[in-house]
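Given next, in structure tokens, is a single chain: the form predicted alone.
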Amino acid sequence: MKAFKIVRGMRDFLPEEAQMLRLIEGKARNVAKLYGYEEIITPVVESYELLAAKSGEEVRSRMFAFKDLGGRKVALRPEFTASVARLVATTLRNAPKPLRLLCIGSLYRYDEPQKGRFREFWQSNFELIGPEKPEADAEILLLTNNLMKSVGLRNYAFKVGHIGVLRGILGREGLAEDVQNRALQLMDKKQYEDALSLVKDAGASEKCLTLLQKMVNIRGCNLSSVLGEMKRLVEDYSGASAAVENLAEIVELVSKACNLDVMVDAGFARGLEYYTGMIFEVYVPELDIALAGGGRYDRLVELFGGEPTPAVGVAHGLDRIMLALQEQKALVKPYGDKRVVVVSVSEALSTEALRVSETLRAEGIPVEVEVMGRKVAKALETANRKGIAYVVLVGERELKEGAVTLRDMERKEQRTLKIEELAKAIRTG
């Protein structure tokens, strides 16, 4: 029989990895609870036109797009924000603002597989819909910081910029939006020379080119110095100046709220076309890929037929966070429940073993039952290999007294207990 291989760019998560991913997902849900975000679930398959509208050429070219049996062009979602904006423009049109929405799930892009980049990946997506004030942008940064801290990441850093600064410069030159989009996509990939050539060929002035060249070289963690230099350079560009002021407000709010490691990058751009304001990404030294990224998008809901609606959001790469934790050899605490196996010493007692296991489950204790027909010695050996905390041995002599034997696998000790005392003994260790 043919041995099937996994589809390129996809992967299996073995139990330990799956548990780690779900633990991180659980941390994201806890952050959502702390900040008042409510979960929604959107379709994996959406209209291609919806997903392509403002995703950027890089994403559009890598979507899993196809025609369904009805002849409609659809695609697997490459990100969540378009789906959320569609929902806000339609079903949630009249919902009271602000809306704080959470999505968690798998996404799909036909990227070249490499470390930390697969064609199926997992994200938690937080969207704050309605407010235009800088406090909303600060909230998205703060909740992201909360998540990174809660999962146990070390030495993570935020890179922050403002797409309005670059668009303010390019727009003043009268460059068409599609030219601006292509230039920003090149800058997102750090292809600055190509971006400058594109802008030059589109008719930008020498003053503009010189300014852009300076902007891409301005970055640092001395926030007052970097923001001051940005402000000085764009003082003749009203739109860009307003964007710098907005960025300064956001950074000041965040720095006063918590001790956050922030680097401002004046030439920072992101590939998605719908961004209109503050943008950011999160990195750790061990990886050269972003663990999270987001920003402000004030026109997307309107583009999809809704009312003009400011919005800001972030996507956290759950599987990338897992990879970062593995690279840092961070100890991720497993589920708190101690693993228990119930073993009958003879086949005749299998019914009693099931009954004991159900008694423990009724007390909220997860239990596995030995169902391979192993002898006690082999069952204990297997339990030890699997890291089982306790083995409950169901024997005929003990059962006559309404008791079983509880073996502590780590201490290699065992004692006889009444069945009704078993759950408490396991809990207290």
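Remember, predicted model here, so these are calculated numbers, not experimental data. Throughout, we count residues from 1 along the sequence that is shown.
Separately, the form predicted together with ligand AMP exists; it is not shown, and the next lines address it.
Listed residues R270, R77, R172, R182 were compared with ligand AMP in the predicted complex; R270 is the one with a heavy atom within 4.5 Å. Between the options E252, D298, D111, E245, the residue in contact with ligand AMP in the predicted complex by a heavy atom within 4.5 angstroms is D111. For the chain shown alone, F118 is a contact residue for ligand AMP in the predicted complex, at least one non-hydrogen atom being within 4.5 angstroms. Interface residue remark: D319 is counted as part of the site for ligand AMP in the predicted complex, having a heavy atom within 4.5 Å. Using a 4.5 angstroms limit between non-hydrogen atoms, A240 is distant from ligand AMP in the predicted complex. Proximity of Q123 to ligand AMP in the predicted complex falls within the 4.5 Å heavy atom cutoff. Figure note: of the listed segments 345-353, 164-172, 286-294, 85-93, the one touching ligand AMP in the predicted complex, with heavy atoms no more than 4.5 Å away, is 286-294.
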